[in-house]
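One chain comes next, on its own, written out as structure tokens in the form predicted alone.
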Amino acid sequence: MLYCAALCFVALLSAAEAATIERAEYDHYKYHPMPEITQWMTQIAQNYSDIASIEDYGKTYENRTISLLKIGLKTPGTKKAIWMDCGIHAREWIAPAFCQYFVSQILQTYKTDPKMEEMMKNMDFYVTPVLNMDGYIYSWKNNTTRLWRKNRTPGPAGCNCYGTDLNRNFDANWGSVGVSRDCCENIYCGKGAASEPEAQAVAEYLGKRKNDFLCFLTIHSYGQLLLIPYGHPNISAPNYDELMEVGLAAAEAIKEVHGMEYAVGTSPAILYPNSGSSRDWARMQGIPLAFTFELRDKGQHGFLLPEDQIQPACEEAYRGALHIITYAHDKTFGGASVTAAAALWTVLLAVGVTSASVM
């Protein structure tokens, strides 16, 4: 028992030291414009070339390349996979910050933590730091564009407004509830299902391997919510009970970090009805665990979350995401005997995060 405790302590110190070194090179606790995020992705792929690579999988309307980081240990055969995307809504800057933080944490812990190493052997992580690149860049232009939400496609003929809400554009009960057909509105759902190149890129990339993905996490703000399928009030996911159970446990894990409470449920139950979301699309494709994270806060700052809240927001969300991912892994590769141990490893990894932040 003492030997195990010593090993855990050494692992936590190693993670803390790695976190300190990486932060000196790249500050995960500030917001970064797109060129810096792109450079960071390149640096990650270079520094961790044995397990990380960049994959391009689409183009935005303004012809920018949509890229993700693929992270996992090289093993023979086709692996299972975890999907995470951030920045589908341009103004939600905390989301890309979280994706970058998430990548840094799993890369820092896999060499010292047996559970993370096991998950990296069995699964690949596909992380898109900024999906809506055009909109995100536009939101950095000046104070008048800071709260831009949509992408930057021109409206249909006769409309002088720009942009489609990408999270109303996926082919999942498209255009049925919680959308606008007015192209000037923030929740304009587009000219048709998956009319936008960014939505097409995700659908095409995941569609080719949808049976390999165990989990789909899309990161947003704000509200402190974990949303499960479906956004339509008259449709329930076939594994609704499982999604609620996993979500509630993830919310409890989040609360243990800094005391923040996250509500769990379908969008109609705890937020508002909507259709065409990427989360609903993923579940309709057969990906069993699909969640939307709505990060801090509950409205005090809203989309303008101060930089001094990036660290605690990321730490707690990481704990919740890790619980869901560990559950997905153990359900597929472990069974009941190791599922019980997943909660312990989640706690140990979270302690590592806290230790690293103290350093």
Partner chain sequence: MATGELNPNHYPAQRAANVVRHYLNTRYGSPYRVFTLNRVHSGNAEDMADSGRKYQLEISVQDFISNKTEKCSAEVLFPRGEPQDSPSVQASCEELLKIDTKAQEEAWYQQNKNQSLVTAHLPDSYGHIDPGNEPLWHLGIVASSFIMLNESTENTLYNMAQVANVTQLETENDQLKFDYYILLHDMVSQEIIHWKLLFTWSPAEGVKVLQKELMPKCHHCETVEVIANTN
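The structure displayed is predicted, hence computed values, not measured ones. Numbering follows the first chain given and starts at 1.
Missing here is the form predicted in complex with its partner chain; even so, the following discussion is about that form.
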Checklist line | Partner-contacting position among 110, 205, 138, 174 - heavy atom within 4.5 Å of its partner chain in the predicted bound form | finding: 138
Notebook entry, point to check: Among the candidate residues 193, 127, 214, 187, which is the single one with a non-hydrogen atom no more than 4.5 Å from its partner chain in the predicted bound form?
Noted result: 187
Next item on the list: Give a yes or no on whether every one of 200, 228 and 318 sits within 4.5 angstroms of its partner chain in the predicted bound form by heavy atom.
Entry: no
Margin query: Whether residue 36 contacts its partner chain in the predicted bound form should be assessed with a 4.5 Å heavy atom distance threshold; does it?
Written below: no
Note to self: Taking any heavy atom pair closer than or equal to 4.5 Å as contact, tell me whether residue 146 reaches its partner chain in the predicted bound form.
What the structure shows: yes
Margin query: Contact with its partner chain in the predicted bound form for residue 73, defined as at least one heavy atom pair within 4.5 Å: yes or no?
Written below: no
Checklist line | Touches its partner chain in the predicted bound form: residue 55 (any heavy atom, 4.5 Å) | finding: no
Next item on the list: Choose one stretch from 95 to 103, 261 to 269, 78 to 86, 114 to 122: the one whose residues place a heavy atom within 4.5 angstroms of its partner chain in the predicted bound form.
Entry: 261 to 269
Next item on the list: Any residue of 158 to 172 with a heavy atom within 4.5 Å of its partner chain in the predicted bound form counts; write them all down in order.
Entry: 161
